[in-house]
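The chain below stands alone and is given as structure tokens, in the form predicted on its own.
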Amino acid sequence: MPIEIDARGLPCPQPVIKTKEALEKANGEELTIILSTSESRDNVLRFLKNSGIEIDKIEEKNGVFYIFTKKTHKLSNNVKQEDYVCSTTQITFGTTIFINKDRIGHGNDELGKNLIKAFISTIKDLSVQPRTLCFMNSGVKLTINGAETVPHLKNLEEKGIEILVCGTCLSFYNIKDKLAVGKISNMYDISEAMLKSSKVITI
């Protein structure tokens, strides 16, 4: 049975890293690599070629790319992540989710808080992953120690999803020392992340 690697929505070089990890565990099996951008496809193809892995076929269905390899082998060379970072124009592809409060919608606060927890816990199971999560205003409370959303956010961060947390907002709520996940950021970096994204979704 082929080993399937679902790298849809992941920023470069994460698709290459996931492919490398699969090759290290493989015992000659074929690989099926699923990608959501042509840049990631080209990056993974270049990595496979450099690693001496033969390609069986490449397919595209509804904007999703599939790379099928032939029999694989263990890697004999070290892979440098910097060799597979996409160019600036390539990195801009992807979705940024902008979370500006610790609940979803208006009305009942308890319901709103339950909805935001459900939303964040669901992201990891989606077929297409965001590139960046930005937290501002009371949304930063979802990233601190004790928040039920932290384990889910850590899981997303481990998958290569960038998490930017407004430092000014943390200071305003006096919780900067309680940050548990993500990178303390500023208005410039958060604005740049949104402007570089092909899509921004506000929650």
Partner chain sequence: MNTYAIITFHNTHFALKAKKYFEKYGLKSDTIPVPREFSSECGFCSKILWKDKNIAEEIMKKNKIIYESIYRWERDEKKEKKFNFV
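For the two forms, the rigid core is made up of the largest set of C-alpha atoms that agree within 1.5 Å on superposition. These numbers come from a predicted model, not from an experiment. Positions refer to the first chain, counted from 1.
What follows is about the form predicted together with its partner chain, which we do not show.
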{"property": "111, 125 and 128 all contacting its partner chain in the predicted complex, non-hydrogen atom within 4.5 Å", "result": "yes"}
{"property": "4.5 Å heavy atom contact, residue 148 to its partner chain in the predicted complex", "result": "yes"}
{"property": "Residue 159, heavy atom within 4.5 angstroms of its partner chain in the predicted complex", "result": "yes"}
{"property": "Partner contact for residue 101 in the predicted complex: its partner chain, 4.5 angstroms, heavy atom", "result": "no"}
{"property": "Residue 62 within 4.5 Å of its partner chain in the predicted complex, heavy atoms", "result": "yes"}
{"property": "Candidate stretches 160-168, 39-47, 133-141, 22-30, one within 4.5 Å of its partner chain in the predicted complex by heavy atom", "result": "160-168"}
{"property": "Within 4.5 Å of its partner chain in the predicted complex: residues from 165-203 (heavy atom criterion)", "result": "none"}
{"property": "C-alpha of residue 146 moved at least 2 Å between the shown form and the other one on rigid core", "result": "no"}
{"property": "C-alpha of residue 8 moved at least 2 Å between the shown form and the other one on rigid core", "result": "yes"}
{"property": "Core-aligned C-alpha movement of residue 62 between the shown form and the other one, 2 Å or more", "result": "yes"}
{"property": "Pairwise C-alpha change, residue 62 versus residue 196, in the predicted complex against this form - closer or farther, 3 angstroms or more", "result": "closer"}
{"property": "Inter-Cα distance between residue 118 and residue 36 in the predicted complex, nearer or further [3 Å or more]", "result": "farther"}
